[in-house]
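In structure tokens, one chain follows: the form predicted alone.
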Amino acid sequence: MLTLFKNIKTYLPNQSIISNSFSYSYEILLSASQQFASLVLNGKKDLNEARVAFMVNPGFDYVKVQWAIWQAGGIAVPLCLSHPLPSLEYVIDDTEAILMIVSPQYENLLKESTIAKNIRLIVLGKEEKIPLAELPYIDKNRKAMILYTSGTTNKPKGVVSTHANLEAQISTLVTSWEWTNSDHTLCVLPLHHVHGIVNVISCTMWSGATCEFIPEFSADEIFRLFKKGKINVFMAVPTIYFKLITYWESLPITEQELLTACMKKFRLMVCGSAALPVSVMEKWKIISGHTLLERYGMTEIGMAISNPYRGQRRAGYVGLPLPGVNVKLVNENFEDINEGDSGEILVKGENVFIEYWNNPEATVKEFTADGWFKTGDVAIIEDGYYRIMGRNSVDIIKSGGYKISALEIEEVLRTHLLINDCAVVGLDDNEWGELIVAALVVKDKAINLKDLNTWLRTTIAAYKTPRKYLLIDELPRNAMGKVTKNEVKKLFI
């Protein structure tokens, strides 16, 4: 039995999830997931790592479905709830999913596609009731999950993690951040990301704690739940903290003071997925009484570096390597650097994923010959603490907690009839981390940019659409004809 489910047997009476005004114990959650696993198996003894895609709203149903897939021997493939159909179909096709599980509101979006692809579709609330089946034994070295992340090419890559990888990621955080079964957290993060899946939900469940969900982001609702006094752990991305600060500042002084008093009682507040501006960190400390715990991780490795739970948390730094995670900095030749120099972060450990799905070339490219994963992030060590300096590639934009490929957006923009060429870059921004902007070389400068954004959102996710455009006559290029992205950024200043 996987360690996660062994742990749960200790906490069966405990409250596991609160969602849609209902509370569920671990006993109810485990039983529901086992029943659903029987439906997923559909008469089979074992899914044997078949891929199961699911588009399920955050809450009890999400965890039930994810656990069911794992207990049936499948590989869980969570889909982004805000992605347009082409993006969803890319993941479904790439993983060769045999089964699709959806919340009712996504049935119409995917029904036609699943019929055309001969994929079995289960709509929650409409599923048939079947007898409880005998569930297969799941070895921890089996593949457990595929999450898609944009790389330096225009096609997202599927990051494959085993149960052992996930156990390493979860157990390290539970120990380092001192999770207990008395903790109560609020999930406000998307659940096709490691931040929400591992750091929030999985750490909560591993510890026998409580995870509460809200249907959509609302600063008012978040603060309302804070005031109830049960939540003591909160994790978010810089964009969310920025929005909470803005909302808090709009409140009457008496309401501000009440919220501050409530938040001071929390034991832990964490920020990650994008660089946290020092100004946001300082404002949040005034508002909440907490120095946010910044950490560093990515889809391929989970969390690798973290400021200490007990000890000094330094603004602008991501902290120290977590226990069991090996980290080093190297130069462009992958040689160890001199102390004080900046270098690319390499990571090795049980937490590191095993491969990119059906992409052996990319897998080989992103690992050194002796097994270190190349993160593509550049850092420097100062007084023992790691400080992130930026990306190796300007083609990766970190905006609102998402890692976004500029090349993917450019490829779509170039298909527009009125666009000859383009360059997409990220600009430093306190709210978003980086703001996505696009320089366009167009056939007609009367192009309607509002219509352009509407058109873009039919093909790519809304969070990937540029927030500012600049019309220019030609893109800056070097002697080799390559667009110089740093010069493009200067055009927006």
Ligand code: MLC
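None of the values given here were measured: they were computed from a predicted structure. Don't overthink the numbering: it's just position in the shown sequence, from 1.
Quick note: we don't show the form predicted together with the named molecule, though the next part is all about it.
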* **Per-stretch contact check against the named molecule in the model of the complex, the hit in 438-446, 459-467, 32-40, 61-69 (non-hydrogen atom, 4.5 angstroms)** => 459-467
* Asked: Just one of 349, 78, 190, 158 has a heavy atom within 4.5 angstroms of the named molecule in the model of the complex, so which one?
  -> 190
* Asked: Pick from 217, 385, 248, 266: which residue has any heavy atom within 4.5 angstroms of the named molecule in the model of the complex?
  -> 217
* Any chance all of 273, 295 and 432 sit within 4.5 Å of the named molecule in the model of the complex, going by non-hydrogen atoms? -> yes
* **residue 194: touches the named molecule in the model of the complex, heavy atom cutoff 4.5 angstroms** => yes
* To do: Report yes if any heavy atom of residue 399 sits within 4.5 Å of a heavy atom of the named molecule in the model of the complex; otherwise report no.
  => yes
* Is residue 237 one of the residues lying within 4.5 Å of the named molecule in the model of the complex, judged by heavy atom distances? -> yes
* Asked: Does the named molecule come within 4.5 Å of any heavy atom of residue 303 in the model of the complex?
  -> yes
